[in-house]
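Take a look at the structure tokens below, where one protein chain is shown in two forms, each on its own, as structure 1 and structure 2.
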Structure 1
């Protein structure tokens, strides 16, 4: 199909790696989010069900953290682009 190490094989492989990586990172982010919201919102164990306050907190926590990630992602992209440009100019 593809001769090994032709440029299209490289691209394909890189694409594959990126997709796998993104999936892994999404899973990691998800489990971290759950842990964080649990840690921040669940403070007592007088019941084995989440109370209203805890439910609201968890909902806001998830929402807020997703928004934070989104914003960090945007700024990261911008800053990274700047960095790449600087490096290209310096010829590093």
Structure 2
């Protein structure tokens, strides 16, 4: 609820909690991406630099996972919109 001074404390706190959850979710996704691509692509440990094959593999792995996450997010948004429409229709 808004008062004459802007959002209430509860709304501000809810916003903070949502932002913290989004950050945790992003960090979890990033950590999983790094672990997966490292495990799948890095095979040579005699050098402190990635080889050409490893660089290509890591790049493709990261792109593939980012596209996957984008598609999942889109589908989630579509399903959420359908659910909201259905709830609005049933609530009338």
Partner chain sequence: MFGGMFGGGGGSQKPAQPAGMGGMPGMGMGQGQGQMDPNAQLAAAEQEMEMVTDMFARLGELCNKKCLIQRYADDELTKAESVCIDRCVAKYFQVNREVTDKLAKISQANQQ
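Take the two forms, superpose them, and find the largest set of C-alpha atoms that agree within 1.5 Å; that set is the rigid core. Residue numbers count along the first chain shown, from 1. Just so it is clear, the structure is predicted and the values come from calculations on it, not from any experiment.
Participant: With each form of the chain shown alone, which structure should be assigned as the form predicted in complex with its partner chain?
Facilitator: Only structure 1 fits here, because that chain is the form predicted in complex with its partner chain.
Participant: Is the shift of residue 42 between structure 1 and structure 2 large enough to count as movement, that is, does its C-alpha move by 2 Å or more after the core is superposed?
Facilitator: Moves: yes, 2 Å or greater.
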